[in-house]
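One chain follows as structure tokens, the form predicted alone.
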């Protein structure tokens, strides 16, 4: 992980006080789904979560059925168009040509099919009055939250626990979404430091004692997120590609920036992330 990668993260690592930022930028549709060799290890971790708790990792409400069907179709089309070297797609299955992994395409269970096919997590949001509501999702790598508590909520309600979200970020998020048209894709990446490399962190940070020693935060967790707009049916697809690296693999200058950001974080943000709170 290089300084250039860290420079694009949010909260920004720019030497200024830590604060939330939308931090989105448009990308070509062919970059919607990242495919690289790390997917094999990630898929093994996803299988473990799905085998243990499919019901808690894949949830579809009636309002999300049509968009979930469209998501599965869009992913199959995307892999055919842009990743034919890595995947072979037929009407009945998707084959990872490098690992030999075969995923049966079950159109009665579109999100479970997607979950078994790719390393990313996917959230489906559909219109509700003048906002968007998460009506379906497959999320195996939660970061100290659980899917059952979020399904059916609006974007604002989902981010309710985030300190300052409503005052500092909500309007900008609404503005960004309002400007998206069919097929457009936005990307952002956020980060945190954790005391564990575990990808599946179901319980909220506040349910456990916050870390008191910054040196225990040995793992950099980065979520590369993408937002894609569908208009038939009308939906937003929020994609999360989670990567965890040991902080020792980060260049020393960037380790210093990360540590300084944690040390100087406002108390509410530090508490939310279960970092040591400065006194």
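Positions refer to the first chain, counted from 1. On a predicted model such as this, the values are computed, not experimentally measured, just so you know.
The form predicted together with a small molecule exists for this protein as well; it is not shown, and the discussion that follows is about that form.
- Remark: residue 230 does not count among the residues lining the small molecule in the model of the complex, judged by a heavy atom distance of 4.5 Å or less.
- Contact check for residue 88: no non-hydrogen atom falls within 4.5 Å of the small molecule in the model of the complex.
- Using a 4.5 angstroms threshold between heavy atoms, residue 238 counts as touching the small molecule in the model of the complex.
- Heavy atoms of residue 165 reach within 4.5 Å of the small molecule in the model of the complex, making it an interface residue.
- When you look in the model of the complex, the only residue of 127, 183, 161, 197 with a non-hydrogen atom within 4.5 Å of the small molecule is 161.
- Contact annotation: of the candidates 94, 115, 71, 134, the single residue with a non-hydrogen atom within 4.5 angstroms of the small molecule in the model of the complex is 134.
- Contact with the small molecule in the model of the complex, defined as any heavy atom within 4.5 Å, is confined among 107-115, 148-156, 76-84, 94-102 to 148-156.
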